[in-house]
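Both blocks below hold the same protein chain, though in two forms, and each is given as structure tokens: structure 1 and structure 2.
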Structure 1
């Protein structure tokens, strides 16, 4: 599997009035995005995600380190840039234009013209499900439709790499599902996607690998399976009388739900599964199912960022 985006010790410092006021937006960032994968790029506000995107798009320039796109270190060259499609957060389009007019305008910027441009516009509108709305004014589009037109714009040149900044933020559940399905479809077609987002559940559902950034430093990265470890077990039980549920709770099991004689219990890391089952059986509970409980990406995010915050505060305390 080839690497399509790579940074090596990428650093960006925004200069202040004095050295003490310099802002280190990125500090020796090393990430890789592989061909044909979705890479979820996460971090709190101000962590450096947008700075990374601007650097990859050559909108700003690094203080130090290196970047490669498609193996080429000259990322400003037209040969490299034609392989990249970009959807900014909250993309704005003049609302007096029609969907197809927006795409025609961007197509001209790409140097596309005539019949070939019309054919490509037809293709991308079909891909994003906007063929029927192509002649409607942008002002009549919902936010989800605007996102779809933005994706169509990013796909016009048929790039192999898509950089998407908050592609599902602010959308209703149906629109999020539709955009999510579309991104998976693009990945399955062989495109590589770098997605910056605060929608952790959305990222968890579609990403192959994830990186978590905090104050310009990459805290962790890996596949979803590597990061979301199965650390606990869940037990579902029936014939769970209120007093029996109370007893297993006192014995150390965590009650997530208990109603009408049914209980959902969580086994903490400090207790073995066999011990937990024996506790339930001692209270004459009927075990219905046992399953590993995997961390959510949100739990991983909070844990990783919380650890980074604690470490930073400890360092300040030592000074």
Structure 2
């Protein structure tokens, strides 16, 4: 498995009026996107996700560090560009054109022409499910349709690498599902995808690997399984009287839910499962199920970002 996108100590500083006003958008970023995987690039707004993508596309230029795309450090060369499909966030598409016209415009930019271009346009329209709307003016498109057209233009040259900036933002659930499925399908075709998002659930659902970015620093990265380690268990119990629940809570278990005699309990990391089961038993609860508890990406995210914030505050305090 080869690395298709790689950054080395990638740094981007937006110069201000003085040194103090300089804004470090990216600080020594090292990410890798492997061939045939979906890399979820996470971070809150303003963390530097889009900056990274723009750097990869040479829309802006780095202050320091290196980038390689498909092993080629000359990322502006048309040879490299040919293999990249890019969907910018919230882009506008000239609304006086029809769906297929804008695609043919973008196709020309790839140097595609004539019948082969036409055929390719038919294909991508089919892929994104826009065949029926192809003759309509973009002006009449819904947000989802625009996003699909955007995706279509990114797919036009059948690129090996897809860089998608917030691909599902502002879409309805059905559309999200469709897009998600499409991305997975593309991954399965062997394409490498870099998806930036702050919609954690989306990313969790489709990503093979994720990187979490905060304030220009990559806080953590790894496969979903690596990140979402399960060190806790949940216990579901019935016939739990409110007093019993109260007691259990006092003993150290975390009550996640307790309605009409049914309780859902979390065993904290500090307590062993047996201990917990004993506590439940002592309160005469009827244990229905015991399962390992998988952390959500959201929790990881909050944890990572939270620790970054606190360490930063600590730093600030030291200073």
Partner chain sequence: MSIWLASNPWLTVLYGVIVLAIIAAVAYYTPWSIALFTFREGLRKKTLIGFLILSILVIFGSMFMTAMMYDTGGTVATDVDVKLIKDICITAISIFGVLIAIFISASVVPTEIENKVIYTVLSKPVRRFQYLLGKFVGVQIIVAVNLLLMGVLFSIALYIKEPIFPRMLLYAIFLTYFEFLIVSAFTFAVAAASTSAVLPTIAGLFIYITGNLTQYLESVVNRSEVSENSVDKGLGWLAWVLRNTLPDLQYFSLKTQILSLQINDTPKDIQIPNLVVYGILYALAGYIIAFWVFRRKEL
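Positions refer to the first chain, counted from 1. Keep in mind that this is a model prediction, so the values were computed, not measured. C-alpha atoms forming the largest set that superposes within 1.5 Å between two forms make up the rigid core.
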Problem set entry | Which of the two shown structures is the form predicted alone | 1
Exercise. Is there a C-alpha shift of 2 Å or more at residue 81 between structure 1 and structure 2 once the rigid core is superposed?
Worked result: no
Exercise. Once everything's superposed on the core, is residue 245 shifted 2 Å or more at the Cα between structure 1 and structure 2?
Worked result: yes
Exercise. When the two forms are laid on each other by their rigid core, does residue 255 show a Cα shift of 2 Å or more between structure 1 and structure 2?
Worked result: yes
Exercise. To one decimal place, what C-alpha displacement in Å is found for residue 95 between structure 1 and structure 2 with the rigid core superposed?
Worked result: 2.5
